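Next up is one chain by itself, shown in structure tokens, the form predicted alone.
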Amino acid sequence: MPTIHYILKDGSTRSVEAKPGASVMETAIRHNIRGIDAECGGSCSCATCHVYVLEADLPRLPPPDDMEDELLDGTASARAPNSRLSCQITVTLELDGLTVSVPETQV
């Protein structure tokens, strides 16, 4: 199983095994990663699963679609070039080792 690394607000890292086909958000919720609220449950409508993807990992991801791009403009923490909604990142074997940082706030 691929491992996803979550850098938490306190600077610590939690590394968890993810099920291929699940989203990075679903994996976070399943493993009680604090700071990913996911209020809409993954329907790409709330932006409370905002994460910053390690810049070195960005080439492994498809770019955000128009809806995700629009929602990223309304995140509680500042949008950055590496901002993504974790509900829109589907875990694959190729994403083993993906690292994301949890922002200061989601609301």
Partner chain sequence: MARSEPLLIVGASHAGIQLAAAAREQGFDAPILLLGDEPHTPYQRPPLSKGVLTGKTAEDQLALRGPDFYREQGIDLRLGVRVTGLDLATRRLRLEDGGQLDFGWLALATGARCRRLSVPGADLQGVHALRTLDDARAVAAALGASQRACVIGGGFIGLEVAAALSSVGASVTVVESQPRLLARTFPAAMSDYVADAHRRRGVALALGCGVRALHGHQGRVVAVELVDGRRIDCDLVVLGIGVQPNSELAEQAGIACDNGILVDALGRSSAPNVLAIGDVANMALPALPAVPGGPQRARLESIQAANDGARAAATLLVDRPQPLDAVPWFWSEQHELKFQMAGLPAPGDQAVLRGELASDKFTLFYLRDGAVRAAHTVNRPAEHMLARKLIALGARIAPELLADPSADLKPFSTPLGLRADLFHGAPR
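Please read these numbers as outputs of a predicted model, since none were measured by experiment. Positions refer to the first chain, counted from 1.
Heads up, the form predicted together with its partner chain isn't pictured, but that's what we're talking about next.
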Practice task
Would you please decide whether residue 67 lies within 4.5 angstroms of its partner chain in the predicted complex, comparing each non-hydrogen atom pair?
Solution key: yes
Handout entry: in the predicted complex, residue 54 touching its partner chain (heavy atom, 4.5 Å)
Key = no
Exercise for the section: Indicate whether residue 60 is a 4.5 Å heavy atom neighbour of its partner chain in the predicted complex. Expected result: no
Practice task
Answer with yes or no whether residue 1 is in contact with its partner chain in the predicted complex, where contact means some heavy atom within 4.5 Å.
Solution key: no
Completion exercise
When its partner chain is considered in the predicted complex, the residues of 65-91 having a heavy atom within 4.5 Å of it are 67, 70, 71, 73, 74
